[in-house]
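Next up: a single chain in structure tokens, the form predicted alone.
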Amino acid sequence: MRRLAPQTEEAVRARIGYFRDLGIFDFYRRDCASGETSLADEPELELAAEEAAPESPTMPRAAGPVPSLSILEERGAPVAPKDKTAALEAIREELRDCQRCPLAKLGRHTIVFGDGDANARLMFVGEGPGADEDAQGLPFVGRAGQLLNNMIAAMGLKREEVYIANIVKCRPPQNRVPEPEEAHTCSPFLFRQIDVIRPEVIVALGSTAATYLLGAKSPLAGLRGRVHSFHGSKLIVTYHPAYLLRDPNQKKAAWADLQIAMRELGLKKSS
């Protein structure tokens, strides 16, 4: 069987990676009436011969088994440390005054791109900016941000040593949960940030971050206490700092989650 031309294969890689970032994992096989070889006939591009089910109107599509397609597992070439800051700035520049989803027209003042060390071993991902973040252009700078800073310090780290970002980069009105359209439109930029930084550990703060990073909605209790994976990084799920402000009794449980992250990073527990 013939192979794809290099340019075509690269285009297929890019397109499949794009759809995977959107949470689409199943593809259908289309017969070619002209007799040309279809994608499913290529030896290294064998796709599941089933049509993707439509997404739920209220929740992101659950991630099923990844098709037996080797290029889906490949990440881009590692970015040299000296080039990571420039790579992140290029992504930020691509966003500019983003108008890709409805949040751009729902009262947003500032795109909150991310903050921290481009070479961070640890990355925190939250839901979306609040009023303080929208005003300052930085993630987690309000009351929840102060608590997150304390959580980072308890791990023996400084805020400037980690990287912090959100599923969406624009504030949803009244701090509501991002709609699936908004999250699916914005999260690929987050995924590209993760691919540049390549953190060893990602901590998902709250159910929204966990849902869109893991590709399926599950109760937070069932996701906590174990190590997941995302884009080659170890992923740990815990409570959002805003939730901990509402229910301080859960701080002990959140600390247990952070200790899992510390163990994976080889950090010593605080006395």
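One rule holds for the numbers: they count along the sequence shown, beginning at 1. All values derive from a computational prediction rather than experimental measurement.
What comes next is about the form predicted in complex with a small molecule, which does not appear here.
Taking heavy atoms only, is Phe140 within 4.5 angstroms of the small molecule in the predicted bound form?
Residue-level check for Phe140: yes, a contact with the small molecule.
Heavy atom of Glu182 within 4.5 Å of the small molecule in the predicted bound form
Contact with the small molecule, no.
Within 4.5 Å, heavy atoms only: does Gly130 come near the small molecule in the predicted bound form?
Contact with the small molecule, yes.
Would Gly116 sit within 4.5 Å of the small molecule in the predicted bound form, counting heavy atoms only?
Result no; Gly116 lies far from the small molecule in the predicted bound form.
Of these, 130-138, 101-109, 81-89, 188-196, which stretch puts a heavy atom within 4.5 angstroms of the small molecule in the predicted bound form?
Selected range: 130-138.
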